[in-house]
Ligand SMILES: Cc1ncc(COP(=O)(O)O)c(C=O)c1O
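Shown below, as structure tokens, is a lone chain in the form predicted on its own; questions about how it binds or moves come after it.
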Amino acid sequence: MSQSVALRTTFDPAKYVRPAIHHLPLYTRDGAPTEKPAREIRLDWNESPYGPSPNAVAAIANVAAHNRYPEFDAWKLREAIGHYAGVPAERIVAGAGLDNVLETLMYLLIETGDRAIISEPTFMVYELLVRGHGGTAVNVPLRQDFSLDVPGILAAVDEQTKLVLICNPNNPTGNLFDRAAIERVVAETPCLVAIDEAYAEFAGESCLDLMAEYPNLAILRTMSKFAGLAGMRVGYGIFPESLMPYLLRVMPGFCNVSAAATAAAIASLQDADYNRAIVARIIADRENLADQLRELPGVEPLPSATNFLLVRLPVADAGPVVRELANRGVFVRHFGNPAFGLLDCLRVSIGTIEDNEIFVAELASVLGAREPAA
């Protein structure tokens, strides 16, 4: 091959990738253990430890036409979601998980120069999506008690602000925000306010009813947590009627939800008794786990309205503890950004009773071998 041909085929990816992507952090699981453990107890991604409704499993098995696309507008799925949530199907956008619905929302609203307000510590995907679309994620941090800084949020809104994102209950802190605080943000903000209610079924509270009063409010939810369908990837958003003509122009064909996932979601939504029982079981297990953790010296599980606990440890930095737990086959999360105020914390998803007991025993062992924080 001649030198001139070789030069023509040289490819520099950095030259072609959009500048907004170059410095985005990776959204991934924490680092793998030094050696593969004999067991793996996954308590790091807030999945349900229990399977979905048996009706959902049967519905998946009964999907025979895998060679055919599902409904182009996912109408039956949107109808089932609407019946469950008590809203018209015409105001629903579904997606392959809530991340996909967020992506559709960013595609609708955010371009270079736009701003979206977030309140860290919170779900890190918000920042990644805003920045990935060329926007600026403006952080108005939570207060020390993890409450919303409402005056700070309102002061941060300007002409370039397209969106305010609030995760309620919040991830990773687990707390439920004051409803009056959220309503004030919605009432006094001219842009869209999207409330991520991924954990609403565990909290037993929702701001959905506020949509009747405020035309700038959207509610985002997922079936990954309460319905045990994380592997199926089904999320949805409930949007203002006035926004739907625009959303329908960017909503992916088929809503990016497969025929199998559609069947599972519809069947699951129709099995309310099963879902309520699983949610109640996880909440009971969460409180039992919190009681066990309080028995460990210096360990403080924080109040939670979700299917996970944020746990303060008697160490300055929980990172080494989390890594040692991973070496022992118990996977939890750590949020190492000092600005979050969570350096001494780990987040643990609620697992089965056996999983929770193993986690407590291994945490006690790891902490017992370490020096306490100064």
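Numbers follow the displayed sequence, beginning with 1. A quick note: this is a predicted structure, and the numbers were derived from the prediction, not measured.
Here the subject shifts to the form predicted in complex with the named molecule, a form of this protein not shown in this document.
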Taking the named molecule as it sits in the model of the complex, is residue 149 in contact with it (heavy atom to heavy atom, 4.5 Å or less)? no
Closest heavy atom of residue 183 to the named molecule in the model of the complex, within 4.5 Å or not? no
Distance check, residue 225 to the named molecule in the model of the complex, heavy atom within 4.5 Å: yes
The named molecule contact in the model of the complex: residue 233, any heavy atom under 4.5 Å: yes
Just to confirm, with a 4.5 Å cut-off on non-hydrogen atoms, which of 254, 123, 274, 84 contacts the named molecule in the model of the complex? 123
Tell me, out of 97, 237, 301, 135, which residue has a non-hydrogen atom within 4.5 angstroms of the named molecule in the model of the complex. 97
Since the chain is shown here on its own, which stretch among 244 to 252, 211 to 219, 197 to 205, 266 to 274 would lie within 4.5 Å of the named molecule in the model of the complex, judged by heavy atoms? 197 to 205
Members of 170 to 186 lying within 4.5 angstroms of the named molecule, judged by heavy atom, in the model of the complex: 171
